[in-house]
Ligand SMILES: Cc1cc2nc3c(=O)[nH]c(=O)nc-3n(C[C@H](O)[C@H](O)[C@H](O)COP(=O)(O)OP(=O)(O)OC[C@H]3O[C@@H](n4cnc5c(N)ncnc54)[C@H](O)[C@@H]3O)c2cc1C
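What follows is a single chain, given as structure tokens, in the form predicted alone.
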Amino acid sequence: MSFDAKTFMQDFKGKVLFQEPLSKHTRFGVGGPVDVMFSPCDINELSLFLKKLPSDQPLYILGAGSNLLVRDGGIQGFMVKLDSPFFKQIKIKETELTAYAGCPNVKLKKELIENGLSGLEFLCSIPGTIGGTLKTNAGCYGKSVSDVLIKATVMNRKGEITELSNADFHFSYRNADLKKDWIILSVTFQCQKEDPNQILQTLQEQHEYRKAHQPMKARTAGSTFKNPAGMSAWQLIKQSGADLLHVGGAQVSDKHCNFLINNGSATAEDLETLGENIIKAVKKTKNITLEWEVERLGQKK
């Protein structure tokens, strides 16, 4: 980096890590280091950090690392991770639930059951945090974030806070229209009153389905490729024979072939190469080009 990052960060109270291996922060368990990882105490400190950070310094946002492949050469610049207690809050007002960006999706379960609120059960089974869930317009079981979002607060690169409505995100399949260096702070969802027993039953059914059909305990980033319109990526992979491919320590899950797995010895290069080989196989046999759903960041080693 072209300036003294350690001196720049010395006055902040939040957690600061230098040359932090991102393999510790991604579900794939791979990835080189980032120059600086910063976890601010609260919104005020985050705003101060952004106001002071030179505009020429690269900035990245990290959630739970559940939809991310960081390359082996790592990332130059700063990475913000909202994992302090402040950014894991949940607030409820009648049938509206507001969760801060660093809140793990699974944490919603307890609040939904205790408050008799339905509508967000599908989010509870998606690995990740609220911020990342909004950014990718995550969804399953026939529902997506766009179906339940009321509004969200975000912070721009200048440290300024803006409130955005559902329409402002111009949602599309697995995507929300948000500038890359904008940071989601909190998200407000619309819920409905429901019998807690019914909510619990729905949560259990969805958990059992995911357990039976997806490699929940494996080192995986979830669905690797987006579903082409009117088709399923996993079916195209299966029909092309690409479900049998492997590269080094990277393989295709035998439970769900749209999931790539680090069997314990994979590098990011192995996983990315395997993904590209799958794209080539599907293109060759089905004449369809799959698009990555997993975000890839960083430099190759």
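These numbers were taken from a predicted model, which means no experiment stands behind them. Numbering starts at 1 and runs along the sequence shown.
Beyond what is shown, the protein has a form predicted together with this ligand; the following relates to that form.
Partner contacts here mean any heavy atom within 4.5 Å of this ligand in the predicted complex, and among 106-114, 139-147, 196-204, 88-96 they occur only in 139-147. Comment: this ligand is not present in this chain, but in the predicted complex one of N258, S66, T267, Q251 has a heavy atom within 4.5 Å of it, namely S66. For the three residues G132, I183 and Q214, a heavy atom within 4.5 Å of this ligand turns up in the predicted complex in every case.
Using a 4.5 angstroms limit between non-hydrogen atoms, I61 touches this ligand in the predicted complex. Taking non-hydrogen atoms only, G119 never approaches this ligand to within 4.5 angstroms in the predicted complex.
Of the heavy atoms in L82, some are within 4.5 Å of this ligand in the predicted complex.
Interface membership of K151, defined by any non-hydrogen atom within 4.5 Å of this ligand in the predicted complex, is ruled out.
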